[in-house]
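Let's start with one chain on its own, the form predicted alone, as structure tokens.
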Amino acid sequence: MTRIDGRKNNQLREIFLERHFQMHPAGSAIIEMGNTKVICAATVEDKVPPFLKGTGTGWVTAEYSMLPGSTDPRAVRKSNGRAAEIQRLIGRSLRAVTDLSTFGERTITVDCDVLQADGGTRTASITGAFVAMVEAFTTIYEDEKNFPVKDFVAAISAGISASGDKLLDLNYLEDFETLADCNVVMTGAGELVEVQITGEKKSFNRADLNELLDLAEVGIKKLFDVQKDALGNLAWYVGRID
């Protein structure tokens, strides 16, 4: 089939990812996946949630929001269930590749704010948030061996079109029309952190799921390369845990 923007079924949108986008946060990044644009800012605080006080263990969490001008019509500036679900997903994804025992009772909070939405905002947020988090950790890295981030993590969407084609990295119109929508979070080791799949307009079978996972893996491996390029020499730190 011919996609709306002319891409092949297994082709990512054009990607731009740059770290140190903001002056004040310990780590920051801007990511663009086609027309979707998200800014990710990682802040370090010398405190942890109550359930971790006195344990010597740190915490990584996230907040997510869509700025009013990110959509048409205007997005309402308020907390909602969707935003809460997405920020929990981002936090889980980042913690999956972080050794919380290595940086003391500190909290890394990554704020993901959608500047412009055209599908895939949660997956772009995860991919960009990882870069911001790594940069933030380099500002408090004290141990010469045990860097807190043990692996890469990134995410992408895939879906089944009305014609039955499996598509990678859905934009908004493709996501709106898809029969089944799948978001996949994966580590550099190839392990799955989370798979969110929904039969929007039609049920799907196990073979469909396997195809979508294979397609997502192809895309995520490319995103790892983009993350490494954005991190530059900081990519060397990832995985330095004895």
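Numbering starts at 1 and follows the sequence shown. Remember, it's a predicted structure, so these values are computed and weren't measured experimentally.
Below, we turn to the form predicted together with another copy of the chain, even though it does not appear here.
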query: Interface residue in the predicted bound form among Ala158, Ala154, Cys112, Val131, criterion: non-hydrogen atom within 4.5 angstroms of another copy of the chain; finding: Cys112
query: Site check Met23, Glu191 and Lys202: each within 4.5 Å of another copy of the chain in the predicted bound form by heavy atom; finding: yes
query: Contact of Arg92 with another copy of the chain in the predicted bound form (heavy atom, 4.5 Å); finding: yes
query: Residue contact check: Val48 to another copy of the chain in the predicted bound form, 4.5 Å heavy atom; finding: no
query: is_contact(Asp72, another copy of the chain) in the predicted bound form, heavy atom dist at most 4.5 Å; finding: yes
query: Partner contact for Gln116 in the predicted bound form: another copy of the chain, 4.5 angstroms, heavy atom; finding: yes
query: Residues within 4.5 Å of another copy of the chain in the predicted bound form, restricted to 80-95 and counted by heavy atom; finding: Gly81, Arg82, Ala84, Glu85, Arg88, Arg92, Arg95
